[in-house]
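Two forms of the same protein chain are encoded below as structure tokens; each is given separately, as structure 1 and structure 2.
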Structure 1
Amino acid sequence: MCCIWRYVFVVCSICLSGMVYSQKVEVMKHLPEQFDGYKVSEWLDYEGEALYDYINGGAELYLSYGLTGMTGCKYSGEGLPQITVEIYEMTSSANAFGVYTQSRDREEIEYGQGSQSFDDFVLFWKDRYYVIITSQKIMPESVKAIHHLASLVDRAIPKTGDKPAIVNVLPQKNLVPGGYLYFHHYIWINAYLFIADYNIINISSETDAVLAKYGDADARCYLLAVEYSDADTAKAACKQLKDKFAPESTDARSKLQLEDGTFFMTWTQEKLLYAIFNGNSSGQVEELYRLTVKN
């Protein structure tokens, strides 16, 4: 499987190299060569095969969001932990946002258009870029440095981008803060819970999908929304989900309790497919359904 992804990754990178997406952020003009005891020890600029080797096991994630290249640098200093700045360029702002949602577990707005910070790393998205700044270990100097660099990179990206519109279908009531992700590759449908080991609802690069957590940790359920090209395609995917995931479901019983005691429900609304998984009670599923249809 890894070899297949490697082949696809390299081919896609070559095909994209001549497109407008290949204009990466010119960080070398915006990041200092040295500051506060730190000095650039290595500049990073990767595409194609070299980029695949650099990110190693992370290829599937980035490829599924249309990665075109990465640029950045490493900083070192005597007695200081190494800091790495990585700026990943995706094919669109929606894809940059998607990669970000795979990594964050809470929402902050300190940097870019959404960020998350700890003492040893900062990550954020802005326009079609996903940024990670990491420190090998935590020291007061390194904490200050990674935030300083995050501010510089934020300013180096002049534009902002739009979130994918499908995010707007999520009801806000009981939504876990930072608890949703955007994607358009079926491998991420199992990000929060296992649903299927194959493309059960025909997700493709032409579909937008969002998967969200609702409720407290001890009573958690999940809402999936997928937008297709037309209503008929959405209905076909809904029928397939019912047939494969819950074959006991019928049109007259769109909500049902599964063998494990959880509740499941799926329906379509125009060209959108919705599904609620892991419902802890019939009432919880009914409320989320009403909020979603009303939203």
Structure 2
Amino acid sequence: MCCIWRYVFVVCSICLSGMVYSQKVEVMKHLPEQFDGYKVSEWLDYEGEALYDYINGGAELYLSYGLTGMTGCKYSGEGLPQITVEIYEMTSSANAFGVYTQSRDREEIEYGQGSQSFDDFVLFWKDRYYVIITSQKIMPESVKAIHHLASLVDRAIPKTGDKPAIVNVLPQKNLVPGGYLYFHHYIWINAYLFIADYNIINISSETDAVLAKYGDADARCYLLAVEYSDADTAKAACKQLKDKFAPESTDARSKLQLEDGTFFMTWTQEKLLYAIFNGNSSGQVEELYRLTVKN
């Protein structure tokens, strides 16, 4: 019996890896070997930790989001700045979206399901893919070229994917456009403000987390939401946070005004832990709490 299951597993693995490979190849097939004075000078193909060979420690960002592989190529042309196309394939569309939220500063949807462009780069996410197209220098030809390539890659990815469900807990009122980050590695908890230099609430690859900015820059507060496997785990993490941030609070939601005058609050709701940091007033924190609970 055991042998049969092993056989099924091996066959499935081969089929799955074949599917993934063919999808990657399918996307790559849409990249031209040459166009507008540019020609492919190098093909890129890295899987998992082999990405260290390409970007050293920078690979950890993608690995923390479940990278399966990266393909792409470099284009060169006489008198033209080099252009690099990198197509990162993640384990899920949620993870592709997560990597995207690490980079984008504003929300655009020119390409894929969310994108951001400057004159020297375009980045976007679509389905399980996170795509970056960059040019070494800015020239009119290179600006045109990176947008041309972005369109091609966008079209080559046939379907869209879902954002992680946890982003739906974020109230929309006063949410800064493009101002939230999805993650499941504790390193990213400090993305918008320093919270702790260690894994204070047991974030892991099994937890989904979102950190969001609310309000204007001069009155900014932050909402953190983390989904655990069960309510008890969420409560345990919430206790750890309370013990470190508001041990003296008698409030049921650990609301407390801190030494810098800002307000902190944390609570759980089923499997979810919530925390508000840097609230400007008790009223601001209460309103964000109310809107979050309503969600």
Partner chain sequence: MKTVTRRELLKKTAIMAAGGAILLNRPVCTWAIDGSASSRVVLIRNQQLYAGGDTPDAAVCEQMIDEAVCRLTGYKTPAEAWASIIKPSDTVGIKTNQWNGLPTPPEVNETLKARVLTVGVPEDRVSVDDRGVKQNPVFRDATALINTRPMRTHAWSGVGTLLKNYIMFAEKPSDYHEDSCSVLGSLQELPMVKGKTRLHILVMFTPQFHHVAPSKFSEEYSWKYNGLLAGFDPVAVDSTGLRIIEAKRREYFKEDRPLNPPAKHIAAADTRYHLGTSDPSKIELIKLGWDENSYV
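Residues are numbered by position in structure 1's sequence, first residue being 1. If you're wondering where the values come from, they're calculated on a predicted model, not measured in any experiment. We call the rigid core the largest set of C-alpha positions that still match within 1.5 Å between the two forms.
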| item | value |
| --- | --- |
| Selected structure - criterion: the form predicted in complex with the partner chain | 2 |
| Core-superposed C-alpha of Asp36 shifting 2 Å or more between structure 1 and structure 2 | no |
| CA of Glu49, rigid core aligned, shift of 2 Å or more between structure 1 and structure 2 | yes |
